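Heads up, the chain below is alone and in the form predicted alone; it's given as structure tokens.
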């Protein structure tokens, strides 16, 4: 379980939206946020892997959170934004709909986030570390490691030839 950045007793989260869901990632796990970046597709990669981004010479895998979470596809006229995170010694980009602010949970710092509600889709609750009620929103605290643990697809049964 990752921890949120702590500054003077507060926890800070980089926030973003994916299909009207409001997520946050601990700022100590975020490298930067970027507008849409051109990507190079990766043949036969998991559906959630939308491509590779050249981030100032560093090749970064881009994972579309809408696909990862089983949410409806992003409208074609809406380009994703990038939340660049560090996990397990690697740098990965989450493709999200919109970037929010960095927020701190103020008086809630040190309080363990509440569990994800039972009526939340399983694909979303599987990657949510906890829920933080805010005055004007509900923050879903994303577990970066679990979000990057892409489910296995069925084995590719195509052999390329005719039987």
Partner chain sequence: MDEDAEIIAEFLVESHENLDQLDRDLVELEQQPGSRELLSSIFRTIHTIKGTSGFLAFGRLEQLTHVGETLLSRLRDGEREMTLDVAESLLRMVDTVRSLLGAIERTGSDADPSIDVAPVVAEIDRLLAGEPAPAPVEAAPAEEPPAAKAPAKKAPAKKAPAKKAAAKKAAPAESATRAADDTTALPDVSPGGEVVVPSAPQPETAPAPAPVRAEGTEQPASAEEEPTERRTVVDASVRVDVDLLDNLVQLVGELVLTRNQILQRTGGGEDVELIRASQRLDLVASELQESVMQTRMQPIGQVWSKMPRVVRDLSHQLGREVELSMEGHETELDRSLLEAIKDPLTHLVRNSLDHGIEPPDVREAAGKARKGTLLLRAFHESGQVVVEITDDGKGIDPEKIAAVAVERGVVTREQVARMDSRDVLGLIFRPGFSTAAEVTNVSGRGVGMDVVRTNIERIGGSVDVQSEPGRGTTCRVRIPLTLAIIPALVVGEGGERYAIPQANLVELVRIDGDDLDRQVERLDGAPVLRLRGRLLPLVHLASALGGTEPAGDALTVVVLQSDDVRFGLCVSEVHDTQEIVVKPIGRQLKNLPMYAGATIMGDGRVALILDVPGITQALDIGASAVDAADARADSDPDATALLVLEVAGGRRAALPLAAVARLEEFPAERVERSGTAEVVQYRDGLLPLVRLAPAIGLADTASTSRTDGQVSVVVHEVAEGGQHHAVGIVIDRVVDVVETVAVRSEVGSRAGVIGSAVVQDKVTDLVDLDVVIARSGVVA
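Residue numbers count along the first chain shown, from 1. Please read all numbers here as calculations on a predicted model, not as lab measurements.
There is also a form predicted together with the partner chain; it is not shown, and the following applies to it.
Exercise for the section: Would you mind picking the one in 38, 117, 133, 121 that has a heavy atom within 4.5 Å of the partner chain in the model of the complex? Expected result: For this set of options, the contacting one is 38.
Practice task
Sort through 128, 69, 26, 53 and report the residue having a heavy atom within 4.5 Å of the partner chain in the model of the complex.
Solution key: Among 128, 69, 26, 53, a heavy atom within 4.5 Å of the partner chain in the model of the complex occurs only for 53.
Exercise for the section: Please determine, with the chain shown alone, which of 134-142, 40-48, 96-104, 27-35 has non-hydrogen atoms within 4.5 Å of the partner chain in the model of the complex. Expected result: The contacting stretch is 40-48.
Practice task
Using the partner position in the model of the complex, report whether residue 19 sits within 4.5 Å of the partner chain, counting heavy atoms only.
Solution key: The answer is no: residue 19 has no heavy atom within 4.5 Å of the partner chain.
Practice task
Considering only heavy atoms, tell me if residue 92 and the partner chain come within 4.5 Å of each other in the model of the complex.
Solution key: Because a heavy atom of residue 92 falls inside 4.5 Å of the partner chain in the model of the complex, the answer is yes.
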